[in-house]
Structures are given as structure tokens and as C-alpha cells.
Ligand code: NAP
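As C-alpha cells, one chain now follows by itself in the form predicted alone.
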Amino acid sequence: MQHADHYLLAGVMGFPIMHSRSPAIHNHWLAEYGLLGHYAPLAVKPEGLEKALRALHPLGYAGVNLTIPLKELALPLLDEIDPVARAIGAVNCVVVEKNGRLRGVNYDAFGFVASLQEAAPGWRADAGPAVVLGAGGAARAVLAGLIGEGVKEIRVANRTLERAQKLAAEFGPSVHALDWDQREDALSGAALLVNTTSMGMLGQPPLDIALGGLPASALVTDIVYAPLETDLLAQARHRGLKGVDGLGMLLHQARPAFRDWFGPMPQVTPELRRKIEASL
């Protein structure tokens, strides 16, 4: 039994924050492991971030997740930044060390790869080229994850070619920048298509891409999870292609954060997935 005065605390900082699904995920695991504690939504504006982060240790917090608009802003404010977080250029998890030092990590790349492995257990990094649509923060996490797994060729198509070229320059020779008009040609021979743009999200225009060029064995994934089935995933299903929704990435990135703060490495169970799907 835990010592009565050690109440486990963690949370998620962002603004706005009340839409976050993270409290439901982490509080589910705290209950599952019989741990006395709570994971709270913390509404923190950018100008308050430094003070809020430094308050974590005296308040007894084990750490926090960071979401929009704080993920990039935290980099200069922390004592230590993990190499993956540095490559992505954003922190999505802060771990408070016993001595009060703040360590920044990013588990979005882990979450993305784990969601692929869960949805398509036979997925292999060497199956063929990957096509990534978009060149923002989410694309950076996806690139870090795919390169970490050993994907040899990644074609990045973005509406602004310069942003895709910047990623190619930064992430190395396996990344090739393409103009948005080349997005369908890029599908030829690809083993994986990843949409990291906001197109297809609720309230956003649908993603305009025909999947005819994709091989029948290709995986199609959308990092959007509202709606769970985007037009892109519906189109993939109609073509008989395997689709992976964006909820897996959210669920799986939470696992190593929970482990860092509280000890156990939790699993994504069907029960947890159903619970979060019901809240969308």
C-alpha cells in the first residue's frame, strides 16, 4: 500500500485544455494499477509556462504532458532535452527528477510507430518507401519515428515546398521533399502513407488525394482522431487497403510518460480504446 502522504500527481498543460483526452487515459491507468493519484488538465498560457513548470517540483508533480501551444516553447525552459525531442523540436512530456531537474522528452514518435505495429502487426520498416503529407510538428515526430525504425526512403509532400525542403535538409538523405502537386505520383510503390495535415479533421476541408497509385499492400494512416474515420481512411477501406486511425498514436504516446512518472508501463487495452472512442 502506498504511503498515505504520497499522492501521485501529473497533468497536461496547454491552452485551451479541457478538450484533452489525456486525463481520461492516465486516470484509467492509475485506477487499473490501484495507484492513489490524479492526472489533471492544467490551463497554462505561453507567458505562464516557465513559472508553471518550475512549480511542478514543489507541488509534488511527477511530470506533465505538454500540448498546443506549449510544445516548442518549453525547449529553452528545461534542464535537459532528450535527443529525440531535440530532433522533433518539441517536448510533449516533462519528467520531474527527484532533485527538481526538469527533463523534456517527446513520445509522439514512439506513439506513432507503436500504433502502426498494433494496427498492422506485420508492419516492417523495410517494406518500402513512406509518403508523409505535411511538414509541421506532427510530420517531424512521424519522420523521427520512421527513421528510428529504419525506413530507407521518405517522400514528404507539403503545400509549401520550402517547409518540406527544410525537413529534408534537417533529417538527412532518406527524406525527399516534393511539391504538393506531386503527392499522387509519390504514392507509386509506397508501403505507407501518413497524413499529418489538418485536412480531414472536423471543420477542415477534406484531404484531396486519389489512392490509385498505392500498392494493395500499403498501409494508410491519418494522425487525426476526430473524426476517427476520415475521408482518407474511408477511401482506403473502399480500396481494400489497411487503414490506421490517429487514436492509436495518442494512446501509445501516453504509455512511456506514465512509466516515467509512476513506474509501470501500461498497455492499450480494447477497454481503454472503447472508453476514449466513446468520448470523441
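For every residue, the number given is its place in the sequence shown, counted from 1. What you are looking at is a predicted structure, and each value in this text was computed from that prediction instead of being measured.
This next part talks about the form predicted together with the ligand, which is not shown.
You can rule out all but one of 73-81, 96-104, 135-143, 117-125: in the model of the complex, only 135-143 has residues with a heavy atom within 4.5 Å of the ligand.
Just one of 201, 87, 191, 151 comes within 4.5 Å of the ligand in the model of the complex, counting any heavy atom, and that one is 201.
Though the partner is left out of this view, residue 225 does reach within 4.5 Å of the ligand in the model of the complex, counting heavy atoms only. At a distance threshold of 4.5 angstroms between non-hydrogen atoms, residue 176 is out of contact with the ligand in the model of the complex.
Using a 4.5 Å cutoff between non-hydrogen atoms, residue 180 counts as a contact of the ligand in the model of the complex. For the chain shown alone, residue 250 is a contact residue for the ligand in the model of the complex, at least one non-hydrogen atom being within 4.5 angstroms. Contacts with the ligand in the model of the complex, taken as any heavy atom within 4.5 Å, map within 151-179 to 158, 159, 160, 163.
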